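First, one chain by itself in structure tokens, the form predicted on its own.
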Amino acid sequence: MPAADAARISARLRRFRPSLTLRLKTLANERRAKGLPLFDFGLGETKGELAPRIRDAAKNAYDEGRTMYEDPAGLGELRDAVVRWLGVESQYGRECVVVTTGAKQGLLNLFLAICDPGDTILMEAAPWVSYQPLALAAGATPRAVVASGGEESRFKVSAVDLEREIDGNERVKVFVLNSPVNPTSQVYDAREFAALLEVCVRRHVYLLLDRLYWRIVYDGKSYPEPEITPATREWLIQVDGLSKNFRRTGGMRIGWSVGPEDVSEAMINLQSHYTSGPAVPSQCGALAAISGIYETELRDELEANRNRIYAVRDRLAPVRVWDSEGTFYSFWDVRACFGGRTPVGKVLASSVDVAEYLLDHAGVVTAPGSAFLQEGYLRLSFAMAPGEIDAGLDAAVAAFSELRRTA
């Protein structure tokens, strides 16, 4: 085996840690293999059966031998379908669309296309776990914007917050906004988004809108679409994909971006060298998925799951459960658990401690808020069977009830 010499690995990648959300799936699988109780609220992954039209389109592509190289930007018919799917066909053509191997690759493509080493990438106050590593991979400096409204604003970044950060850093190149938000499940309304976009246009900073959960919005509301004008078109980039709005599609690894022609061209040039484009059968499945009328059955099922959590909020004391406006996550404030003593005598002092206690004591898998730069919280995915949700919530209620306050 090679000697354990840090210089063998680049300084950039020595700062990486494994994806927490994918690690949660590994922990769940390990516990399941041992036959231990398991209630998997960890990884955000849609369940159920793959839609026949998606399965058949991908299968037919294999049967027809569609396994050769294609345009590195993605299939032309899929790129055309993307602008229709997003309702922006009057503002963008296929030359503005890049199909990627999942939305993650789209994000990295964009960071590499628009950032030079040392540039700053701003992101939300509670950013998704992969934004920072992807920024570092691009040689940029990630920085979370402090939300001045704090918990009262559900960590939403305001236009004032964003402008303050831009004023304090002359090398800000892009602000990454995820809405609906993973992990907090909040949705930026049209007014909030327009104010942020106005700041970015005026300050010549790209606004990268990660809208991966945009079909999963609750309480009869629809997604607040950004206004595309000649001015906003030059500074707005949208990233989306297949994995969250359709069942069982995460492993197909198809995402896409829509943005200005020059940025898209740079991404295509890059992609032509390091992936040559996503797998063609997966692209054919994606084309089938986003063509035609979108069925809301998945969203309706997830909203019912969310309401199951709402129904037990009072029983989860001292935990405070936030409202979930979109996505399929529930965000829990567990700070009141700190200082509690577990049945085996351990005193809880962090969100990692609480997550480990729920896993070890009750088999409940959660994601600690520290992974999203917000200590004192847990994120739970409710994209699961209703019976498993109910049993898992009962297990969590019992575990919290067994905590004892220290003297």
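Not measured: the values here are computed from a predicted model. When you see a residue number, it is the position in the sequence shown, counting from 1.
Same protein, other form: the form predicted in complex with a small molecule, not shown, and the subject of what follows.
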- residue 282 near the small molecule in the predicted complex, any heavy atom under 4.5 Å? no
- Could you tell me if residue 103 has a non-hydrogen atom within 4.5 Å of the small molecule in the predicted complex? yes
- Quick one: is residue 244 in contact with the small molecule in the predicted complex, heavy atoms, 4.5 Å cut-off? yes
- Task: Answer for residue 128 alone: is it within 4.5 Å of the small molecule in the predicted complex, judged on heavy atom distances?
- Result: yes
- Message: Please tell me which of 331, 213, 175, 111 lies within 4.5 Å of the small molecule in the predicted complex, judged by heavy atoms.
- Response: 213
- Message: Please identify the residue among 253, 299, 156, 94 with any heavy atom within 4.5 Å of the small molecule in the predicted complex.
- Response: 253
- Item | Segment assignment from 167-175, 205-213, 138-146, 259-267: heavy atom within 4.5 Å of the small molecule in the predicted complex | 205-213
